[in-house]
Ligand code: AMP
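Encoded as structure tokens, the following chain is the form predicted on its own, with no partner shown.
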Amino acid sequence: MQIVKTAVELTHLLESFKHQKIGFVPTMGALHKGHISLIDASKSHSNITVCSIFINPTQFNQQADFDKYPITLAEDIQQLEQADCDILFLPSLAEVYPNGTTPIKSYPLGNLANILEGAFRPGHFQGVCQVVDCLLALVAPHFIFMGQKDYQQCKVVEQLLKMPHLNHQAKLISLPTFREKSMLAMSSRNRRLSADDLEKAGELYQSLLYVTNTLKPGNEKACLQKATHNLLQNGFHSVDYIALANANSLILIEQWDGLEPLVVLGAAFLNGVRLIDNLILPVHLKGLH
């Protein structure tokens, strides 16, 4: 694996692969099995796999969250080498944002930026778009690989790739969520949880599963309220949301017709760590209750 730290080095290196398919896996480090599954998928779709590790400050809403983000670079490099990643891009802040992080460019995301994660983390998705836009311009990949754990983020990046003025040619490929033994969605932030909390955190998955198992066509408010109550009764000290949305558009819904494709999404705090998860409802649920 070749490690490069500057945009000039990266551009020069990728020039030798310009006639090959390039896969790109953007990360903020603290890698886990979910990240490695993205590397594996890239290697199966592409000739060259590029992974980036860059903790992007513009997508954090609180400085404390940015400061506490886990950094495990030596371990990350070892995992990427074992996965046969071809190139690791380790840029500094100045390499990604040579003109500084402000004023931030505005990306037209419509209501997608104002609901769910967008509502509770104002400006978060503008920061995501800013860094993905910059990295795509540097790597110019054919494919970008992301995990479905960040479902709304995947939808935001899909929209970013469709913006004609940016002229990005990459196709987004999203992969299923990897889970801990407790069924908690794997996340770099899980490193901040104790062993007991890791087990307890699986209740977020169970609450979303409750929604999928009890959902019937009609008003879903009571079902969502019960799932929220379950979390608060099982160790979570606050719940930002448990919500149903159209699986394609992410338009929020409370009244389900039994046919609309759905995803149930949740975000909640456990001992100061904010956890998110989602479940895409299987097709066989449509109208059968």
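A residue's number is simply how far along the shown sequence it sits, counting from 1. Predicted model, so just to flag it, every value in this text is computed and none were measured.
A second form of this protein, the form predicted together with adenosine monophosphate (AMP), is not displayed here; the remarks below concern that form.
For the options V131, M146, V156, C85, the residue carrying a heavy atom within 4.5 angstroms of adenosine monophosphate (AMP) in the predicted bound form is M146. Of the candidate stretches 175 to 183, 206 to 214, 162 to 170, 113 to 121, only 175 to 183 has residues whose heavy atoms lie within 4.5 Å of adenosine monophosphate (AMP) in the predicted bound form. Taking non-hydrogen atoms only, H32 approaches adenosine monophosphate (AMP) to within 4.5 angstroms in the predicted bound form. With a 4.5 Å cutoff on heavy atoms, L38 counts as touching adenosine monophosphate (AMP) in the predicted bound form. Contact check for D150: a non-hydrogen atom falls within 4.5 Å of adenosine monophosphate (AMP) in the predicted bound form. Contact between A247 and adenosine monophosphate (AMP) in the predicted bound form is not found at the 4.5 Å heavy atom cutoff. Looking at 54 to 83, the one residue that comes within 4.5 Å of adenosine monophosphate (AMP) in the predicted bound form, counting any heavy atom, is Y69.
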